[in-house]
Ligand SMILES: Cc1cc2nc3c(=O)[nH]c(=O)nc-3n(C[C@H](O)[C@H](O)[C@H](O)COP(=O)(O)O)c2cc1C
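So this first bit is one chain, no partners, the form predicted on its own, shown in structure tokens.
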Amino acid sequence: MPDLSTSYMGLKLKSPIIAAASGLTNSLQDIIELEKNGAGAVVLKSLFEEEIVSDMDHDLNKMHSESYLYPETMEFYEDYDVEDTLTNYLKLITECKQQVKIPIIASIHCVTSHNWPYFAKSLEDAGADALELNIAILPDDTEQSSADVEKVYFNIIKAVQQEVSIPISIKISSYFTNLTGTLTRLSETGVKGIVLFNRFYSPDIDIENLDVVSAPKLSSPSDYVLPLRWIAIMSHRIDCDLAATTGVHDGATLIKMLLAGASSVQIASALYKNGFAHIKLMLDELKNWMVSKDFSSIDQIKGILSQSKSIQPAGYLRIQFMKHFAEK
């Protein structure tokens, strides 16, 4: 049988499928089931920077004045027992390390490097094997340069690195003016992994009630093409591992991401839609494909169709349709 084990951020994974941060990774029982069904690791549901900052002895009125904190966010946390949230999060890490064997990756959703990085040490002390920084910055300020936006990412990484020794990964969006250059520079900071790409909350418009509402929360199978392109382009160009996420719904897409150069994939929407047993189906599809192609390990297939290895490297760079819509 093929060996499905892989390495991600220096962690040994029994399979390349990681359960992404979501409500499905917020309880010990669910994490146990994810392990039973073949998950190679679990990223715990993200703590928000606001939750950590709110637990400090700071005046909430001051926090209201910070431009990065939305008023509705702080109104929520004023009536929310944040201290219990942080305590329960640390407890979950400790319990997971006692009852499951797969790596447990803590996660923090952050937009600044202010006031919260000290808490990362508590995650390490609780037993987290690694830390994923889910950095989500929407560049909507017309007065802010692209360099200013990128600096926030580097400041966050540096601040957290000063607190912990466990591997750090960053989960980011594609909202950069020069994504190739930015990814290269981010990889040079010492992060061990980069997750491409973050799926954000997106607004939609209700044309009947004339209201702003939430767009669909779960990804679609066709969403995989954006991370696939950039995994393939960046594979073999940077030293840290790449993980693919958003749109990975089946074994075929898992195979494509590995061929492009991903060390692992993170899935959430597929689990919400199909249940935890879907991990087994995806891994079975991977196994059967590897047998049919006479591959015996993940290392043999990882990155063999990346841009730098492909016989048609320009295919990853083409962004304009040529012949596809030329005919009626």
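Residue indices: 1-based, along the sequence shown. Since we're looking at a predicted model, the values are computed, not measured.
Missing here is the form predicted in complex with the ligand; even so, the following discussion is about that form.
- The candidate spot formed by A20, K171 and L218 lies fully in contact with the ligand in the predicted complex, as each residue has a heavy atom within 4.5 Å of it.
- Picking from 256-264, 38-46, 299-307, 283-291 the stretch near the ligand in the predicted complex, with a 4.5 Å limit on heavy atoms, gives 38-46.
- Taking the partner from the other structure, the ligand in the predicted complex has a heavy atom within 4.5 Å of a heavy atom of R199.
- Using a 4.5 angstroms threshold between heavy atoms, N134 counts as touching the ligand in the predicted complex.
- In the predicted complex, P103 stays away from the ligand, with no heavy atom inside 4.5 Å.
- Contact annotation for G247: at least one heavy atom lies within 4.5 Å of the ligand in the predicted complex.
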